[in-house]
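This document opens with one chain alone, in structure tokens, the form predicted alone.
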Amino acid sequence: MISKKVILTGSFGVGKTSLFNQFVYSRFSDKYLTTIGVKVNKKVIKVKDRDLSILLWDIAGEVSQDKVPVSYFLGASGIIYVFDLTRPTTHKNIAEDIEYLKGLLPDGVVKIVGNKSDLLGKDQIEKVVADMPLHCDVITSAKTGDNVEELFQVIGSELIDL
């Protein structure tokens, strides 16, 4: 079995923990609890007819990614950068954040994810994505589970080839 460490990062309140819980436990809670430090769990998924164990690190949200301890990224193969589709402030610094993260993980897989799609209509989502300085890889809703499994299949298929 192949095992890969993946970091969930982004500003506070974007739904990282909700994505974590939806992926690992298939559950959602409306209660907002700030993540302190890091929460870690793993899940095995089937990718390209192979078992992939994803060790998922949900790290505390920061407005600027350079405030996250660099040690959290040691041994990571992938990063999922989450922003809130409904809050422009959460993707204001996305270009700088992604550049910084790719510097920490130059050979890793980095995916940009717009979360909370359940709160917007299709036209609104398209406008947000069109106005982004960088390509958004996946649009998710941790609340409904929409595209959460697909997100991990997308990143998993690239990780399995590393």
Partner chain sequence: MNGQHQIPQDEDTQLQVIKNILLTGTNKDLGEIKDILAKKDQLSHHIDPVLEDKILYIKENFDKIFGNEVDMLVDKRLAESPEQLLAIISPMLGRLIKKYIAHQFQMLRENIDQNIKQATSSQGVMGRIKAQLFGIKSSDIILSNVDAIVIKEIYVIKRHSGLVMGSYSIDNTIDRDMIGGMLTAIKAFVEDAITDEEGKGEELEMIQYGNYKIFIQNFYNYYIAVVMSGTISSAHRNDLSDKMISFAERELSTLSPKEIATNDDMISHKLKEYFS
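Quantities reported herein were computed from a predicted structural model and do not represent experimental measurements. Positions refer to the first chain, counted from 1.
Although it is not shown, the form predicted in complex with the partner chain is what the next lines describe.
Please check if L55 has a heavy atom lying within 4.5 Å of any heavy atom of the partner chain in the predicted complex.
Contact check for L55: yes, within 4.5 Å of the partner chain in the predicted complex.
Does the partner chain come within 4.5 Å of any heavy atom of N41 in the predicted complex?
Heavy-atom contact with the partner chain at 4.5 Å: present for N41.
Using a 4.5 angstroms cut-off on non-hydrogen atoms, would S3 count as touching the partner chain in the predicted complex?
Yes - in the predicted complex, heavy atoms of S3 and the partner chain come within 4.5 Å of each other.
Can you check whether G121 is within 4.5 Å of the partner chain in the predicted complex, heavy atom basis?
No, G121 sits far enough from the partner chain in the predicted complex that none of its heavy atoms falls within 4.5 Å.
Tell me which stretch of 92 to 100, 41 to 49, 111 to 119, 131 to 139 has a heavy atom within 4.5 angstroms of the partner chain in the predicted complex.
Among the listed stretches, the partner-contacting one is 41 to 49.
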